[in-house]
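For reference, the chain that follows is the form predicted on its own, supplied as structure tokens.
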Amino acid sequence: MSNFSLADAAIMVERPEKSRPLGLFFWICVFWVGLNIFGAIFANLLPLANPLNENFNAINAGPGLHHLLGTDDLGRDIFSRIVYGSRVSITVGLGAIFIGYGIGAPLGMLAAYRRGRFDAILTTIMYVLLAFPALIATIAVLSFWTPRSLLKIIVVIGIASIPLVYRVIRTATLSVATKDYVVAAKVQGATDRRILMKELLPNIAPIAVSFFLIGVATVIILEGALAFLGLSVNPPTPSWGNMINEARTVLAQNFWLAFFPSLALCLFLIALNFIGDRIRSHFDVTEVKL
């Protein structure tokens, strides 16, 4: 007779059922995101013009051989500024969401697993924080917390993202915390740590990864909005949001000054959102009877 553990003999298990293929466009998006991150990391090593150098002999020059995407009203190379600007936008996006996940995700998992008073109190606090608009809170804090720096922007947005991350991870954990394989693990005497790490985390990972990518995209949009209000990194340091903001005054004479950074921002966000959505659907699991 076979020697099965109680967990192995659970009535229901989680299995992928005919996962949707990732598809060619998914890999194109992965390549595009990777290319942007590569450029952000190694911008100093690439053969790019200094994004801060002003060339008054090439003011508002159109796209050409010497300036692939043209120059701005101070003669600075737009392509170089977009590549260097991705550093700020991507760093803010990743840094803020890492903070949100580092605090919100463990709390969300614990609250959904333990339930009871701990869950009730923590969820009430998070929902109260969610009731207050994060954008308004971020604007208020950054307006008074001067001088602004990249680290301060990341910290403020990261803290503002904690309640939303908590809500998503808690909801995802609740959906699997009462499954038979979790109950079986408890009956076998598995520790809470093992159940959280071996049983719950793998099953909520697709949702967590998907929301992580979407969260990065959302934070990048928020950084762009802050830059448009003059609350991001101080010029002349480039970011996608700063470049779009600076283009407002010369848009009639130099439309590509806003068009190209807007296009870079848009394509990066589309790629992130598509990757996140496809990962969620590809690794979606359904209950299958043994």
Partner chain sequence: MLRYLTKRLMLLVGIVFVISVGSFYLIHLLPGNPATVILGFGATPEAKAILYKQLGLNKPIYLQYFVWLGNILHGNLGISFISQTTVSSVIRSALPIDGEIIILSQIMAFAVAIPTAMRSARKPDGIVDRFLGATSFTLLSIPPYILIIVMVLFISIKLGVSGTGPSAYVSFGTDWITNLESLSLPAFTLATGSFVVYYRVLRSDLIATLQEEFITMARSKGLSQRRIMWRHAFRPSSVALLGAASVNIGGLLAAGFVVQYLLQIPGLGYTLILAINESDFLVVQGIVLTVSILVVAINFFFDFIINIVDPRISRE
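Numbering follows the first chain given and starts at 1. All values derive from a computational prediction rather than experimental measurement.
Not pictured, yet referred to below: the form predicted in complex with its partner chain.
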At 4.5 Å between heavy atoms, only one of the stretches 120-128, 106-114, 201-209, 184-192 reaches its partner chain in the model of the complex; which one is it? 120-128
Indicate whether its partner chain has at least one heavy atom within 4.5 Å of a heavy atom of I139 in the model of the complex. yes
Can any non-hydrogen atom of C266 be found within 4.5 angstroms of its partner chain in the model of the complex? yes
Partner proximity in the model of the complex: N245 to its partner chain, non-hydrogen atom cutoff 4.5 Å: yes
Does G224 reach its partner chain in the model of the complex if we count a contact as any heavy atom within 4.5 Å? yes
Among the candidate residues T171, S143, T178, S149, which is the single one with a non-hydrogen atom no more than 4.5 Å from its partner chain in the model of the complex? S143
Pull the contact list for 242-263: residues with a heavy atom within 4.5 Å of its partner chain in the model of the complex, in sequence order. I244, N245, R248, L251, A252, F255, A258, S262
